[in-house]
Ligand SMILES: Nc1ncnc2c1ncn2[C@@H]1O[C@H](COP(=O)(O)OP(=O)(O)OP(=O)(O)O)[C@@H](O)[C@H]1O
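In structure tokens, one chain follows: the form predicted on its own.
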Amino acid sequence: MPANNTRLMAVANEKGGVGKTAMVVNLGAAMAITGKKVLIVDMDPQHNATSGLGVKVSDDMVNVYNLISEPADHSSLDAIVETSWENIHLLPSHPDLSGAEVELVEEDGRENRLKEAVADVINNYDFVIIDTPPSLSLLTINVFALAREVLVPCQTHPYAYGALEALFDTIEAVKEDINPDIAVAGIVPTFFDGRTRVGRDILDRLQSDKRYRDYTFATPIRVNTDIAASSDAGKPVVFYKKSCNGTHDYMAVAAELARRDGKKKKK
């Protein structure tokens, strides 16, 4: 598969609690159902995307930390885990990843460690979807150096909405200084509860504000307890309960993402 056909997508938000990891796991699974071959890269030391795909972290498995801290000793081919579901592969995380920022601080080219580590495998996939820590760190910069698109989950809450501008500024700075190919792919409203005034208000702002309306997906991810239950079970919601709102919403977001061809929008 030619490299320019692989969609390299970071799922990022510097604010925590917006449904970022759930987006990575469940959107990846929804894409896999449609026949796309997906690689999930877990760059968060909390390794929730890894456990959310039913993979138990162990010290004897090659993981993302090994790839970026000891690149001469490990291959991404050795780190890839085939999950229990067709078309979904995983590069697992590990708690040791939290120390990588300190270890690499004086290394030349430290922001490109992930990009170099996965160069030999990314062209095997239609989508590479990367989970990020809920902060701007060297790990996040490594993800942004690799990605061509950034998908932004935004909780329908005033604090999350207010944090969007800083995130857009960060992506623009990365575009200027590190990766000219990166751009925002879209904003997906999350934790939407149409029964609340604040939820309806924030969704309306996303859909009407001239800065964000062209980026905002038509389908919000509604509040749904099955999403949390599926995470606890180590199973994407689209396989956990096919008839629930969570499955419906993620399949709709996957369909919209497929329609968006990955061409870069300018801020």
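A residue's number is simply how far along the shown sequence it sits, counting from 1. Please read these numbers as outputs of a predicted model, since none were measured by experiment.
Same protein, other form: the form predicted together with this ligand, not shown, and the subject of what follows.
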Heavy atom contact within 4.5 Å of this ligand in the model of the complex, the stretch among 203 to 211, 43 to 51, 60 to 68, 235 to 243: 43 to 51
Within 4.5 Å of this ligand in the model of the complex - does that hold for a heavy atom of every one of N87, F127 and A254? no
Counting only non-hydrogen atoms and a 4.5 angstroms cut-off, does V223 reach this ligand in the model of the complex? yes
With the partner left out of view, is P95 within 4.5 angstroms of this ligand in the model of the complex by any non-hydrogen atom? no
So in the model of the complex, does T21 come within 4.5 Å of this ligand, heavy atom to heavy atom? yes
Spell out, yes or no, whether the shortest heavy atom distance between T216 and this ligand in the model of the complex is within 4.5 Å. no
Is any part of 178 to 198 within 4.5 angstroms of this ligand in the model of the complex by a non-hydrogen atom, and which residues would that be? F191
